[in-house]
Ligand SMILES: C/C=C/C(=O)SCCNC(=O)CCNC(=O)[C@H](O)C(C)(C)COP(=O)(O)OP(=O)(O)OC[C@H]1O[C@@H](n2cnc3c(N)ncnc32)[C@H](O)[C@@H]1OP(=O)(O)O
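Consider the single chain below, provided in structure tokens and representing the form predicted alone.
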């Protein structure tokens, strides 16, 4: 694993921490590749929820401007971002400070966002002559609303923590510990159902065949029977994902 990223396991939850505090956790090629690989490894090892955060006082200050001009970085960045959206488990961003540029992209690639008092979001590409892909702008508009997305993208405006919570860009106020606690709650839910729901939420019409199959898989699973048994026995179900 890269020195720029740490992985910690707590039961069914994996915590991924960006570790470039001297650069306010700015993304470079190596960190994008490490995050992409670590998230995939977490799922492969059986994690049911993932939390992503940053070391120090920033979640992620964006792309490292000393190294964003090559095709290799752009490819690695979007492979990592889109890879997070395709994982079959929920990913929570514990936004512990500013999420700027690629930091906002990383936050919205996660499924849910917990924000502390220092969190803020911006995509200031218009200030540096750069661009983000259509997925970024459309996802930002879907989460924050079209008007706020226009302010961010066309006026290089910033969304603070309170506004993010009020508009839906952020889901809950809280600390890293709160995000981890939420991840543990989510990890107890039915994993096949969560995977299906995430596929529908993040997918397109190109995914319709996979969505139909995942729908059928959920209804054919042992977890459906376990839920019925648990109801009859008046206990919490224990879902296995089978």
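Keep in mind the model is a prediction, meaning the values are calculated, not measured. Positions refer to the first chain, counted from 1.
The discussion below concerns the form predicted in complex with this ligand, not included here.
Quick check on this chain: with this ligand placed from its pose in the predicted bound form by superposing the site C-alphas, is the site open or blocked (blocked meaning at least 3 ligand atoms within 2.4 Å of backbone or C-beta)? Pocket open on this form.
Listed residue (128, 75, 166, 146) with a non-hydrogen atom within 4.5 angstroms of this ligand in the predicted bound form: Contact with this ligand in the predicted bound form is made by 128 alone.
Only one of 65, 181, 211, 40 gets a heavy atom within 4.5 Å of this ligand in the predicted bound form. Which one? The option sitting close enough to the partner is 65.
Region of this chain that lies against this ligand in the predicted bound form, out of 100-108, 137-145, 83-91, 152-160 [heavy atom, 4.5 Å]: Every other range fails; the passing one is 100-108.
Would you confirm whether the three residues 23, 26 and 61 all fall within 4.5 Å of this ligand in the predicted bound form, going by non-hydrogen atoms? All three within 4.5 Å in the predicted bound form.
Check whether residue 57 has any heavy atom within 4.5 Å of a heavy atom of this ligand in the predicted bound form, and answer yes or no. Within the cut-off, so yes.
Applying a 4.5 Å heavy atom distance criterion, does residue 112 contact this ligand in the predicted bound form? Because no heavy atom of residue 112 falls inside 4.5 Å of this ligand in the predicted bound form, the answer is no.
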